[in-house]
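Read the single chain below, which is given as structure tokens and is the form predicted on its own.
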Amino acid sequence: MSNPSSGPGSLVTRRRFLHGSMVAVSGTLSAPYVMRRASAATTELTMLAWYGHAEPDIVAEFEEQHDVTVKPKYYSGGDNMLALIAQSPPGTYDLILSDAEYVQQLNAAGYVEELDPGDYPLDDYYPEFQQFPGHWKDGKLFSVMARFGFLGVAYNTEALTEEEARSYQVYWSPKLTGKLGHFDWHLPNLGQMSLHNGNHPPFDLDDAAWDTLRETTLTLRPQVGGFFDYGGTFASLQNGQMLAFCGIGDWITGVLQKEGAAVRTVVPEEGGLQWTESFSIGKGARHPELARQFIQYITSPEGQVKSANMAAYPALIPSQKGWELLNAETPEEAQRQGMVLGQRNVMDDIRDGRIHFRALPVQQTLEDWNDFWSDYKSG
């Protein structure tokens, strides 16, 4: 598979590539791996990850340095990731990229190896990310944060003003009747509804707050024009089928925005959610040393710049040295994402308490949330 971000027709090509690839990924999960290209390398480093993390713009340099092919299996959603690992023999995946809220489950199930903190440049990270919740247990490290981003109100700038989008209340606007989309995953959507209801933290709800959350969400159902996977989310925002989206952020609108689409994401006054992606080494990995070296590579300043600029979907990065290099090499992307130096930036949103980590439900089970989401969709 060629790099979708290269060539004279890259903008149109990438959009078509993303839409086709995202749809294809959901249809090929039963295959052993999603293959990108042939390679003469004798060693294969296997990776379980969200789409994009093993594409050439991210891994080509590492592959060349180590004479290795990074062989990915792509998934969509944390529950799907856990199921894929449970169905696979130990050692199937050298590297596991997971959303941070699932690291504790990976560790509890014995799916990941303990890591040596001294192997990774954690001192380069902003203090908020050096002891990231859930990555450590009893003083032991099991996952290393690679990138993150914020979820807020994603909207068509020709249909809504920024002022309107600065509140989740916009989802109920008559302008959006039949034009509001959901990214089809309960955690980010119900998390946003919880913030709308004033719950801080948004995932630790008693019975009364959980009942209210479900009631609030059900009132939104007449606004909804569809529930979408990756490809559908990209396409429906790009072609104007949906004028706003619940449950996503710049990781999708950023790609479209860079291609000229009239879309963007803002963090509402009620607050936003932070998604976080982290790398672990799979239990019984066949190539643990190469896996360790890959995590070092992607958390180095150079690797962090690649991650921030990922063709599949952009992200914020936790490394201060990565920020410095990003501002030197691609200052326009640093500005666009708010990773600027010497002025207000995305770290201030975190420090001001406007951002809440996306998490698993505390007082309900994942099944409770998933069951309600299924009922909501069928309503």
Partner chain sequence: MKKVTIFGLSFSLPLLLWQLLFFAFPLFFLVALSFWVVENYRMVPDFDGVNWTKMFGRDVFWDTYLRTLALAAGASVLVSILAFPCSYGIAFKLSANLRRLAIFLMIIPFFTSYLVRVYSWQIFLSDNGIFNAAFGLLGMGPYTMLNTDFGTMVGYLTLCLPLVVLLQVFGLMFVDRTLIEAAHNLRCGRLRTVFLVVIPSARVGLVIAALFCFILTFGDFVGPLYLGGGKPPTLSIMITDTTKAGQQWPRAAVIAIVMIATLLVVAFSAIGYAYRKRA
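Here the structure is a predicted model, which is why all the values come from computation and not from measurement. Numbering follows the first chain given and starts at 1.
There is another form of the same protein, the form predicted in complex with its partner chain; it is not shown, and what comes next is about it.
Honest question, do 273, 343 and 348 all end up within 4.5 Å of its partner chain in the predicted bound form by heavy atom distance?
No, the whole trio is out of contact, none within 4.5 Å by any heavy atom.
So which of 300-308, 189-197, 220-228, 137-145 is the stretch with heavy atoms within 4.5 Å of its partner chain in the predicted bound form?
Residues of 220-228 come within 4.5 Å of the partner.
Using a 4.5 Å cut on heavy atoms, which of 268, 288, 121, 232 is close to its partner chain in the predicted bound form?
Filtering the options by heavy-atom distance leaves 232.
Using heavy atoms and a 4.5 Å limit, would one call residue 115 a contact residue for its partner chain in the predicted bound form?
Answer no; every heavy atom of residue 115 is more than 4.5 Å from its partner chain in the predicted bound form.
Using the partner position in the predicted bound form, report whether residue 125 sits within 4.5 Å of its partner chain, counting heavy atoms only.
No, residue 125 is distant from the partner.
Is residue 86 part of the interface with its partner chain in the predicted bound form - any heavy atom within 4.5 Å?
Residue 86: yes, in contact with its partner chain in the predicted bound form.
Evaluate residue 105 for contact with its partner chain in the predicted bound form, applying a 4.5 angstroms cut-off between non-hydrogen atoms, and reply yes or no.
Residue 105: yes, in contact with its partner chain in the predicted bound form.
Taking its partner chain as it sits in the predicted bound form, which residues of 237-265 have a non-hydrogen atom within 4.5 Å of it? Please list them.
Those in contact are 239, 240, 241, 242.
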